[in-house]
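Listed next as structure tokens is one chain, alone, in the form predicted alone.
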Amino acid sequence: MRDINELQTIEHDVLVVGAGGAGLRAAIEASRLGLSTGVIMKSLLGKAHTVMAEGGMAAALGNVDDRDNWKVHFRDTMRGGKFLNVWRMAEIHAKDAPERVRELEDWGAVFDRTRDGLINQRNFGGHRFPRLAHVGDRTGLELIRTLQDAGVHNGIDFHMECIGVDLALDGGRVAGMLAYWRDTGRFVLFKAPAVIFATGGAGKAWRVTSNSWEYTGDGFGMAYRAGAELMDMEFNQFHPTGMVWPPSVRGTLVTEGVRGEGGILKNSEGVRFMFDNIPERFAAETADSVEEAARWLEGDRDARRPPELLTRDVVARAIRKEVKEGRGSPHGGAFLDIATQQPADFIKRKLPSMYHQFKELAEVDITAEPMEVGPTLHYYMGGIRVDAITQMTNVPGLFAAGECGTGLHGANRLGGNSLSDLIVFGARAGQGAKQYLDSLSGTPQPQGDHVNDLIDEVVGFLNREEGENPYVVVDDLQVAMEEHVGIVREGRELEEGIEKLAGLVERAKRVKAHPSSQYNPGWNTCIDLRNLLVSAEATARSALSRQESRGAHTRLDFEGEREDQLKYNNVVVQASDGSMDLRQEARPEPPEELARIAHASIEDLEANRV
């Protein structure tokens, strides 16, 4: 039996897992509150998935349209999420976002400017007013640069290329985390009574995804094994515009900013098909007037807000429909055309990353010809269930923020709400950790037997003489998710997918890696696979349980939203005696004030009658 006192040990008050926008903002807040704070990351500082968020961060600053305010932002978020959002989280987000964005400006973020010198804001899908503060189409990169600089100057300890294995617990409370260094394979035990997960989603469970290699559901898997609840895992956003050609970059994100700056979608016949795909309910809820709704539904090409900026689920399904009916682009997508809508110098100035991305990767000049785009798995609305105010899970000492947490976005996330989510609830998680530590009685300590069991499980992948190739199992997992848990679902296919996942779980128990722990990507993949399978199974089982179509979750055998009990139910997943327990929980009644705002007319909100 190993003596865990002989392991390399690092102690912090707070350990943050993940160095994207949520992780860095949480670490900054914890450090500013006087806590010893460490951040571990799978890759290098600055190499976070947040840098791929291009279009902007949503906040009701009112710089471009002074009618905007937190109530309208809250209303848009609730309606975009099909009212499955956690009401208080949507309220906190809408109220806090402007302050968090101005804080970034104070810390040195260089935003695009209006002629009056204010932070510029652009249109985005599902937002009533121009609301996205942006830096060209490189907003995520500027966010990470700003937070990284602030973090370094706040005395935070950064532990790079350090991969979390599992949480260390003491009587059900968090006591730290077992991790290992990628370069040496050496284990390290972090002692920390508060751990904040900011690990992102699990997009790598699908083959066509905008997500980078780190997105293997690590937070989902580790939280689940520690006893935390996962919620709303059936809601997976397929961004409507990812690259479809060449195959080497299929799925790479094409920012919604292209459509926000005037880009339009066409099929192979040159038809701007989104005018034929406007849901009547959406038109009625979001148009400025009955007359404008009628113009949309009649295909009026001069409508003030283009249908390309409908919510992402609507646009993704419309592109899929065009492809299935034989009107897709040559490589199975649709054409996104900004070349005929804006001058070349405007495109290069407003969308420099997109210009270079297509020029270098697809040999396409977007100032002269259209892009081929199609849906790509992009974002998890579901994730680890947290308290709306503190971001703590049901496991004492475990917090979650950003994409790996859940509650803000409901059944469908609005574009731009992700970046403001990171900074709003990253800060809240840091504050929540401080409150928890102040109230803590006694410091939890990692238990030797538990830590040794965690080590034995992952070292076992190196010690097998025979076994499955982990890369093959991951590839089969991605195929199963594409085929059975895709952009549209059907009960029989989901059941078949769950059966395949059960077989993959058994195969994963037999995977092996080359017996060297130093820079061993095969071993890393074996460890990632455990988390991918938890994420995939929770997603498939939750999708089977929700017998309706709502937001990003579309069931061919249950078309439309059900207005009965399922409308206000959440699907919750939790580990129970070695198996996955799933239950539907009735949602509490919304706060009366927030319900009035969410259901109010835009005229009443603008007149401040609500």
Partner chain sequence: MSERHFRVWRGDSEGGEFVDYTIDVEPGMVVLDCIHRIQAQHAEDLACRWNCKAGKCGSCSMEINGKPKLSCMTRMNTFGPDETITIQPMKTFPVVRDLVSDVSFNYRQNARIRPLKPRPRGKDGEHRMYQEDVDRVQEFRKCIECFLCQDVCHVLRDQDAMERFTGPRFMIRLASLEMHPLDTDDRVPEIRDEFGSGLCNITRCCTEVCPEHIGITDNAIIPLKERVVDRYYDPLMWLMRKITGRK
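Numbering follows the first chain given and starts at 1. Here the structure is a predicted model, which means the values were calculated and not measured.
Just so it is clear, the following notes concern the form predicted in complex with the partner chain, a form of the same protein that is not shown.
Though the partner chain is not shown, can you say which of His450, Arg207, Lys95, Arg138 has a heavy atom within 4.5 Å of it in the model of the complex?
In short, Arg138.
By the heavy atom within 4.5 Å rule, which residue out of Gly108, Gly326, Gly503, Pro330 makes contact with the partner chain in the model of the complex?
After the contact test, the surviving option is Gly108.
So in the model of the complex, are Asp116, Ser212 and Ser516 all sitting within 4.5 Å of the partner chain, heavy atoms only?
Yes: Asp116, Ser212 and Ser516 each sit within 4.5 Å of the partner chain in the model of the complex.
Using a 4.5 Å heavy atom cut-off, indicate which stretch of 545-553, 575-583, 37-45, 65-73 touches the partner chain in the model of the complex.
The contacting stretch is 37-45.
Quick one: does Glu29 come within 4.5 Å of the partner chain in the model of the complex, counting heavy atoms only?
Answer no; every heavy atom of Glu29 is more than 4.5 Å from the partner chain in the model of the complex.
According to a 4.5 angstroms non-hydrogen atom cut-off, is Pro247 in contact with the partner chain in the model of the complex?
It does: once the partner chain is placed as it appears in the model of the complex, Pro247 has a heavy atom within 4.5 Å of it.
Does Lys266 reach the partner chain in the model of the complex if we count a contact as any heavy atom within 4.5 Å?
Lys266 lies outside the contact set for the partner chain.
Whether Arg492 contacts the partner chain in the model of the complex should be assessed with a 4.5 Å heavy atom distance threshold; does it?
Output for Arg492 is no: heavy atoms all beyond 4.5 Å of the partner chain.
Considering only 319-357, what residues come within 4.5 Å of the partner chain in the model of the complex, judged by heavy atoms?
If the 4.5 Å heavy-atom criterion is applied to the partner chain in the model of the complex, 319-357 yields Ser353, Met354, His356, Gln357.
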